[in-house]
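Next comes just one chain, in structure tokens: the form predicted on its own.
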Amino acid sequence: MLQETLTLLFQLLIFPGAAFLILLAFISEWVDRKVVARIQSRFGPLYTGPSGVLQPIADFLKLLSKEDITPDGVEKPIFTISPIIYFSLSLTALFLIPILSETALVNFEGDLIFLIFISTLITITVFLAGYSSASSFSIIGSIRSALQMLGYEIPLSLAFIGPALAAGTLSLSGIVKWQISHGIWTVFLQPLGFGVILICFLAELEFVPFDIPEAETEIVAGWRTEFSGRKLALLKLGRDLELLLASALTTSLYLGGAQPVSFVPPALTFLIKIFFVVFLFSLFRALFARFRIDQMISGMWKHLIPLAILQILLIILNVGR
């Protein structure tokens, strides 16, 4: 009994738990920064660690050492706790991702719906964090974030449901097992859904061209403007974890998850796929210019929702045969 408890604690806290996931999040940020820099003819992180790979960790530690300022007039309880909740939600969701094998550390039937719920809670936390700051820049950013959610939430949920319909399960681990047992990735059966989920995750991550809630040329840093010190460090780490979560979800739903390939271990296969998705996010972020909020919402409703519904109809017709 004691050995089982210690094993569970090791898995939750060290590997493949919190410490491992946080390290992966820092590496994901490094990959993102290096890809964007190269496309824009820059070097990106360079000196801290080999090829600058330790730069995200150094930035995090530097922020922890900075003064943590709470401006006058803020809703102090919400302003204080929102960075912790933002970080915790992304980390909690990652425990539901099957990383080392086809089964996640935490899995149950219906965990896909729970992941959609957490995705919504993350955006609500962003809204509350900005609105509690009592700053005009932060309030505008938080309102933009809420409006942006209205645009991408429906097509993102439909892109989640497509692989679940094909696999006949609402378990993320079950969807991965279905892809492995059928020897095919969902992306080859549902390319429209794959395109929809990439675009929607770009919007949820507030990456260009959907960085409207924190547009530095318009509203300084948007909803994050008034945060500093430890709070800003947690928000930054939470964003890295959210990037990792988006990449891991896309990999599990559409790219076969931790599917064994020849002599490559499942975990290594999964990591390669994750960083490929991070590369795609970074590529889009470097190539496009920012949309206006009205363009974003109308584009999502006019184009992505019909494409997502079409993908669902094609799945239903195929299952009916």
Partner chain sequence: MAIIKEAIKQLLSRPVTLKYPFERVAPPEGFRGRPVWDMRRCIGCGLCSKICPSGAIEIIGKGKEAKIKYYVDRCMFCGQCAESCPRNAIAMTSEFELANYSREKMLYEYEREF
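Note that the structure is predicted; figures quoted are calculated from it, not measured. Positions refer to the first chain, counted from 1.
The same protein has a further form, the form predicted together with its partner chain, not shown here; the description that follows concerns it.
A.B. asks: Arg38: heavy atom within 4.5 Å of its partner chain in the predicted complex?
C.D. replies: Contact with its partner chain, yes.
A.B. asks: Might Phe276 be said to contact its partner chain in the predicted complex, defining contact as any heavy atom within 4.5 Å?
C.D. replies: Phe276 lies outside the contact set for its partner chain.
A.B. asks: Heavy atoms within 4.5 Å of its partner chain in the predicted complex: does Arg42 have any?
C.D. replies: So Arg42 counts as contacting its partner chain.
A.B. asks: According to a 4.5 angstroms non-hydrogen atom cut-off, is Leu46 in contact with its partner chain in the predicted complex?
C.D. replies: The answer is yes: Leu46 has a heavy atom within 4.5 Å of its partner chain.
A.B. asks: Among Ile69, Leu287, Val261, Ala267, which has at least one heavy atom within 4.5 Å of its partner chain in the predicted complex?
C.D. replies: It is Leu287.
A.B. asks: Which one of these stretches, 251 to 259, 46 to 54, 59 to 67, 268 to 276, sits within 4.5 Å of its partner chain in the predicted complex when only heavy atoms are counted?
C.D. replies: Only one stretch passes the 4.5 Å heavy-atom test: 46 to 54.
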